[in-house]
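In the structure tokens that follow, a single protein chain appears in two forms: structure 1, then structure 2.
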Structure 1
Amino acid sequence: MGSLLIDNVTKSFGETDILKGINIDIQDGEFLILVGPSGCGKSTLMNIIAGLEDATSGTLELAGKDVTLASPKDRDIAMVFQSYALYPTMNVARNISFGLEMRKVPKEERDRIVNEVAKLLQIDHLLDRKPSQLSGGQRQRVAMGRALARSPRVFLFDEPLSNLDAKLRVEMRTEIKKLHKRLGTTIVYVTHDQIEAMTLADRIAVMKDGIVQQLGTPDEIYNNPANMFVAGFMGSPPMNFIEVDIKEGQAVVESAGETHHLKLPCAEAIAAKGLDRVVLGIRPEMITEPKPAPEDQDWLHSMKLDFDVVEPMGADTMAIGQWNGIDVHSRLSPKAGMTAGAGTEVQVNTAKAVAFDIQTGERIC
């Protein structure tokens, strides 16, 4: 019904290449999240999928049919714009039903759908208001309602929650997740919010400079990043990157004036490439206070770390020290009662540590 194949799509505005060959295969009913830095071409890609902009080259298939040249109307795609784009002169009810009206759905049917959608989004008491008389969160829901009223083949959401306060954002996120479960419609969703990306996605596409850097499940993106960009983009605070020498398959790290040799899961791959210096990537949550980790017994190292800064964040405490003269973030339990100071005893778990090529930033293993 709503599978979407984006095949080698490029887009140039004049001389500038914005999209440089995008390939994404989206399954029917899949929830795909697009992330990437500002200006990398996410909205442009959404507009191309919707048919609001023409691709410079490449093809687009919707439910197995080539729609590269089809008009937006014929694609049967609904989009929630980042700016809501509500029709200012129409009341909420008309905003929601306008798409149905244009598609010649009879009046009674329209009224029924509007009421249904409004109830679902809890905006049924607002139906007579104009968009200017609504709060941001209410406008957001009207924009959603306009898309939902139509039951299209694909939903496109372009940063739909970015203007909401933290609490409302969490609420709406849950609503969207429930909605997707219930309707099973294909969704492509742009966000800058990592938690949104990790919690909602079936798969995540990480974009940079008009290229998909990696396309995979949240777990793959987080634990098996394809390169330093992806590794650094997901996770907050991001993965620690430290340039290290490799000696006998182990990473040499200097911390608090002592030298340590860390065992790496990918020693062979590094050796096979004959590298003696790599970028070690290790997530903050792998540097903790000493605690039992039975399944990773072989990968634990204990060392001293000088903490310059300790930031309690409620559920965790972030602490910043230095390895080889570079800042490393560690995520500690508040119960450990850590304070800033020299020579704090920490435990380093390298079971999931990764290594990147210094030159290319590509993952070695």
Structure 2
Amino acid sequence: MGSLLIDNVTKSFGETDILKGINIDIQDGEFLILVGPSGCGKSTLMNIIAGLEDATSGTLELAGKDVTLASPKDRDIAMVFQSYALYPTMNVARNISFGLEMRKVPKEERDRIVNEVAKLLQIDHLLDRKPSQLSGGQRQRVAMGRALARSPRVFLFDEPLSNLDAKLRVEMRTEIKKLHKRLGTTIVYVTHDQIEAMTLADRIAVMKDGIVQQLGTPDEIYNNPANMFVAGFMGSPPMNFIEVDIKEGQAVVESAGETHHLKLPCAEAIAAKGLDRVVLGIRPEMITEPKPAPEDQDWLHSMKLDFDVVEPMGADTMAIGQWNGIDVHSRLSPKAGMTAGAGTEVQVNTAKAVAFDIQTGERIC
């Protein structure tokens, strides 16, 4: 079993608090991703799980056993580093087996494990090569193979793809996902890349300033963000935020010299708080070129939008205009043939629009 309980873990360096009470219950076989900007504490938390750093307070339990004070070698956890950390003078086979040698695993058993792992990662033809003779993706596979050879309860991945080019990063994401599906082992994965988080995770912990802002599935994080930070961090381009007046339960938006009143699904919650001004949050894909209306048209609005910038991106076209003097991103079909200019007709769907408190940034509804 590879369940991992992080119970009220804190970490301070002198008077600087890095982690401020982290509570995460990771289930056996779960793929959990810690995501957040640089300096949010995610790598520090990873190092504490691995035993490379001591927590200032709080406890860690692995498969029901307290490992808070256990040394790294006694935690049955394997880590894959951003830098790969391969031994340059050893060939691939020796890099994979070195940890087994240190544990005095018999040579016959070591060879069997190395061959199995190499075949699984499709690097069995590279066993005699040195790290300097490998590409970045191949080195990453070797680093993963070294971790796999141990058959640990938990794998830790610390930004393993950040050194790869964009194309290879996509390929390795797929390989890691396949690997998790085959093995079913618990994985804790650190990244600052929200696309990696959305595509790989069973659950995501979004961190900021040493605090978990929200813990949930990718769908929950994307469609039901807890606050403006989560909503703005997850999504590319991020969610649009526009301060709007609320009149008769509708958001008032100025666009292309016209005033529009947008119906909101959370009007009752806003009214219950007695607010007459909020931050409206709406994803770019909810602002599109006019499309055939579905049966439920209650949340559809037609308006004109002055596009300052149009960015063709292949599968999509991103266009930027303004509502209430604030830049608004929209996601259009390339077939729409949109160009920069005044008074472009768009369709706005507010079915999934959300509202945030202007003062706190917390989600109202």
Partner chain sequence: MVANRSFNLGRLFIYGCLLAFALFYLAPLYVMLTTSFKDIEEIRSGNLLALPQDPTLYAWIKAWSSACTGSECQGLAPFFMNSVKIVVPAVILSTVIGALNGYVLSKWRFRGSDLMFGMLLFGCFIPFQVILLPMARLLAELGLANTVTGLVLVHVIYGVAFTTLFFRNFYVSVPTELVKAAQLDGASFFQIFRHIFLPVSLPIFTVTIIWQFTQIWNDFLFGVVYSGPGTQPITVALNNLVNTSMGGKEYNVDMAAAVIAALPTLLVYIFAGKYFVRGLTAGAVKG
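Heads up, when I say rigid core I mean the largest set of C-alphas that superpose within 1.5 Å between the two forms. Note that the coordinates shown come from a computational prediction; the quantities given were computed from them, not determined experimentally. Numbering for residues begins at 1 and runs along the sequence of structure 1.
Matching the description of the form predicted on its own is structure 2; structure 1 comes from elsewhere. Comparing the forms between structure 1 and structure 2 on their rigid core, the Cα displacement of residue 90 reaches 2 Å or more.
Annotation for residue 134: C-alpha shift of 2 angstroms or more between structure 1 and structure 2, rigid core superposed.
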